[in-house]
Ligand SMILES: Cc1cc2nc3c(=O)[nH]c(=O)nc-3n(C[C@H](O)[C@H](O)[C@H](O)COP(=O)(O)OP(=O)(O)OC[C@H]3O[C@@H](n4cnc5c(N)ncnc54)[C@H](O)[C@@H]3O)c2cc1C
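The chain that follows stands alone, in the form predicted alone, written as structure tokens.
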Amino acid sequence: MKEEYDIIVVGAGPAGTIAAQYAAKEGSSVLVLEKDRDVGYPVRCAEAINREGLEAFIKPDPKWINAEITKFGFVAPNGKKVIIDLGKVEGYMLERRIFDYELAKIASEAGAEILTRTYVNGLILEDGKVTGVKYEFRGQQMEVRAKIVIGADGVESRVGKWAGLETCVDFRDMECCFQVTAANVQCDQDTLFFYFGKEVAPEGYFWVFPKGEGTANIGLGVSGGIGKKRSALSYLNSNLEKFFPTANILTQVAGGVPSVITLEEIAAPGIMLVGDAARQVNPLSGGGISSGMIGGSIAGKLAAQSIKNNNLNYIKKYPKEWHKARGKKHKILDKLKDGIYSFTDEQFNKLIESLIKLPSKKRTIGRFFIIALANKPSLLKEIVKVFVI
């Protein structure tokens, strides 16, 4: 441990370790501080990722891939089901404990130092600028300085708050989620299933994602407003009893997912936020692995450029670069979410019925939204911008 680094990354999830990797390989000295004992554990994620988002950063490896996804399945409140065949592998189910560990190894090989079981409990601020962090390690209070701090400390991020950034999310926009990994579950190993309906997951969805033969991640997310009235766990238990009564629970996890657009401010003097800390989450699906890695790569590159050129103003480019790469798309997805999650059960039933009537080759994700939002013409152009139909 040195007394000062060019860059400190708080959090060793995918967004944090990608940021560390991109900064370290450009020659910056980088320290990653992780509060948990192990990188990649505990897992708080449905573990699905799109192929393009993954392969932009790492070559797929069977040791951390549980399933290759070629289909989406949608189940209506009345039980009718439609399958959208993507035609090729368009996604993967990860084993996050191994995947996150692998990303950390790559960051380390690039030159980053990683320290686990390190609890960051404050920032060093000088003249309104972040110049380092305070942390507890093995019972001792310590400090380490840096020219730039990257906050990758998740949805509950305190780093941004300490830096004066507005990180609060309205409780109605914070999805209440509960998930189990279950054995003795029969499901298609190439398909992600999504269930809709007010009895299943109001203002959200219930998911069944394959994790290997006989095993699946089964969970749901409901809006904060719904979760305030009835817990996500209660809905999940009802769904398990109805759809998978013989499932055996292996692990369980609960948490919040910020289903909103990116924070208005994701950078300030001496600091950038990435991943869930910056709300770089797909507001429609709640997925955040690939978008977090995109945010991390941008922040890492800009941080390295700042160090190389001895000019911290490169940080100011970060919001614009993020908006160009993914933020603009997230704003569109947020509009689509608002349109879909207000559906009644009858509307969901009609939507699935309409898709069932289409020839299989014409069933696409884009078509799903066009049919769903046909009575909202203002959103049709937005759909075209996001989906290839």
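Counting begins at 1, following the sequence as shown. Owing to the predicted nature of the structure, the values given are computational and were not obtained by experimental measurement.
Beyond what is shown, the protein has a form predicted in complex with the ligand; the following relates to that form.
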Check: Heavy atoms within 4.5 Å of the ligand in the model of the complex: which of the stretches 74-82, 248-256, 232-240, 303-311 has them?
Finding: 248-256
Note to self: Contact with the ligand in the model of the complex for residue 288, defined as at least one heavy atom pair within 4.5 Å: yes or no?
What the structure shows: yes
Check: Heavy atom to heavy atom, is residue 156 within 4.5 Å of the ligand in the model of the complex?
Finding: yes
Margin query: Since only the chain is shown here, I'm wondering whether residue 275 would be in contact with the ligand in the model of the complex (any heavy atom pair within 4.5 Å).
Written below: yes
Next item on the list: Tell me, yes or no, whether residue 10 is in contact with the ligand in the model of the complex, where a contact means a heavy atom of each within 4.5 Å.
Entry: yes
Note to self: Taking the ligand in the model of the complex, would 34, 177 and 281 all count as contacting it (heavy atom within 4.5 Å)?
What the structure shows: yes
Next item on the list: Select from the listed residues 335, 51, 326, 44 the one whose heavy atoms reach within 4.5 Å of the ligand in the model of the complex.
Entry: 44
Check: Just one of 201, 271, 120, 216 has a heavy atom within 4.5 Å of the ligand in the model of the complex. Which one?
Finding: 120
Next item on the list: Could you run down 86-109 and flag each residue that has a heavy atom within 4.5 Å of the ligand in the model of the complex?
Entry: 96
